[in-house]
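Same chain, two versions here, written out as structure tokens and called structure 1 and structure 2.
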Structure 1
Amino acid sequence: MKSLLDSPRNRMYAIIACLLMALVLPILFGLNLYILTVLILMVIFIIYASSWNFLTYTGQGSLGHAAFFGLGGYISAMVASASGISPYITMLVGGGAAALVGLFIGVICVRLKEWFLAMVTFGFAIIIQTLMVSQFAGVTGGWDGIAAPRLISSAVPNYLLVEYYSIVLIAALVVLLFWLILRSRIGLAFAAIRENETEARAAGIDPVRYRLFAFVVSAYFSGVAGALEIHHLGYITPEIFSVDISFWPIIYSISGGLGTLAGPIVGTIVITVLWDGLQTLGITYARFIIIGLLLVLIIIFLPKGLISLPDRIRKYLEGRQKTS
């Protein structure tokens, strides 16, 4: 039996259904402000997790994407406050700054083996944080942070809803762009590098160039996501570089399924629902422990993530039918 989503037509219907769902959801909840805020942050993290996940297509993994998320936020906030241009435009600048730093880190790291890359990126976000609160405290406001202009002025009626729709649109465009890149020759080159670097080299693919490309694209859209978040919140502090922010996209992508477009989206939705559900139950520190346990269990028992769960269940049921 083939999976339901194997045919392109079914897959398209599924995508359209998801998008419609995303559009209708806030209205279903009667424009509840808390739900709307959760949804906005969730969609921003879908962009962030998808950008992080883009890197894994080349077999790389970063433990410090908060550096790009935060840099995008800081630069966009500063440019928007100084110039008065709409955050929707300055976030592109923020992304550009993140991409530049990504290029710098990438140039140093792309030749490195996975372990070195992970070790360097692990420290990187914290080092950027240190620089932000000490060396650049004059412009960044140190630990207090700075105010960031809102995406949409709160004077606009239903501004959160407008904000939400605009972010859903951006997320859809970003995922579409990733899809276009991945189905092009570049995507094939990524797969070749991931599976066997030596053979890819023999086939005339330059792994360093493609890895660098993936790194810069990933950094760029992480920066955009960071800018969206801080313009939504209205302020930015160096907390944005914390280890947590680096780890969230990893947790989302792994729980959903690494190296797939749907993985980070599914993962972000499931974990966000779980996370906020636990909060309403009044669980605080233990939430992190539960998420950590979930991550370990998924890596051990469901290495392809939650999106492989339906297939696994079906196979299990088929196996039982045969034996009975």
Structure 2
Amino acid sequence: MKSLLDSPRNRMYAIIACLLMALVLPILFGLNLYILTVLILMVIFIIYASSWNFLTYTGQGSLGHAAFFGLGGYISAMVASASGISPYITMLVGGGAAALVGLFIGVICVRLKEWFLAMVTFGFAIIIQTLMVSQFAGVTGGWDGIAAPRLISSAVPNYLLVEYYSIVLIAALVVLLFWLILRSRIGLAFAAIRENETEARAAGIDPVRYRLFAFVVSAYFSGVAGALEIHHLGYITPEIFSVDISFWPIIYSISGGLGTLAGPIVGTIVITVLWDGLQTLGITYARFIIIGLLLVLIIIFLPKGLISLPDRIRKYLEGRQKTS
């Protein structure tokens, strides 16, 4: 039985619904500054989670994507501060720096098996953080960090709202680009490599080249996401390379639906709403347990993620109708 999202028309309706929701949410909450801030960070992490998830289409994984997220932030912040160029331009430079580092790691390690590659990226994130607080402390500010120009000056009326809509546009373009890539011959090669690497080689597909491409693209847009966050916050410290920053996109993608375009979006929205909602209720440390339990339940009962929930409900209702 086909999934509800297998229909191109249903996918189009889902995309339109998400865009409309993104446009009207700030208005529904009366331009509340706290809500706007949460929404901005949520959309940034949609870009980040989608970038990490892009790796999974070639059967790769990463436990240290904070390295690219943080590098994009640092390079963009330093270039914007030194040149006075708009962060909307320097974020592309930050993404490019992250992509170059991703290319370097990929050339060396992309032939490794999935979890060996994941462990290499994890170790690399630790190395980068150590370098930032030691060897490069003169330009990075060490543990104190450095200031970063804001995306939109606070002198601009409703600057957070303008910032939010600009980031929504960037996120939409990034997801659209991923969609176009996955619908192309490159996407078909990704699928062949993920399903059976031996048969893919026999068909003339070079797994190393396509995996390297996926790794560089993923690193680039992770860097862009990191730059957007830093320019939104106006400050950056080496904590951006911490383990939790590497693990959030994994949690979002698995919760929503690994290896799907909609999965990281749905997962980021649901987990963010739950995480910040619990904090609003005064639940701080216990929310780690709640999120952990939710993730365990999703993996056990919804292995395809939350995006499969409508189909599970539909099948359940159809089963009840047949037995009644």
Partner chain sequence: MAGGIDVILQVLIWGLYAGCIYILLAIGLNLIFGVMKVVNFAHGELLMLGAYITFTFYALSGFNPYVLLAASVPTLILAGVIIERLCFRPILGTGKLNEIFISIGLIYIIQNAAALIWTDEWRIIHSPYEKITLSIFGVNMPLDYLIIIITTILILIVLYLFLRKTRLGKAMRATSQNRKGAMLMGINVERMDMLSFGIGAGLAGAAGTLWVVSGQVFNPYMGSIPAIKAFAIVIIGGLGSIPGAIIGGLIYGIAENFAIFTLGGAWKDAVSFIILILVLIIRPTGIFGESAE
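Throughout, rigid core stands for the largest set of C-alpha atoms superposing within 1.5 Å between the two forms. Please read these numbers as outputs of a predicted model, since none were measured by experiment. Every residue number counts along structure 1's sequence, beginning with 1.
Between the two copies of this chain, it is structure 1 that is the form predicted together with the partner chain.
The two forms, fitted on the rigid core, differ between structure 1 and structure 2 by less than 2 Å at the CA of Val270. CA movement of Tyr316 between structure 1 and structure 2 equals 2.6 Å, with the two forms superposed on the rigid core.
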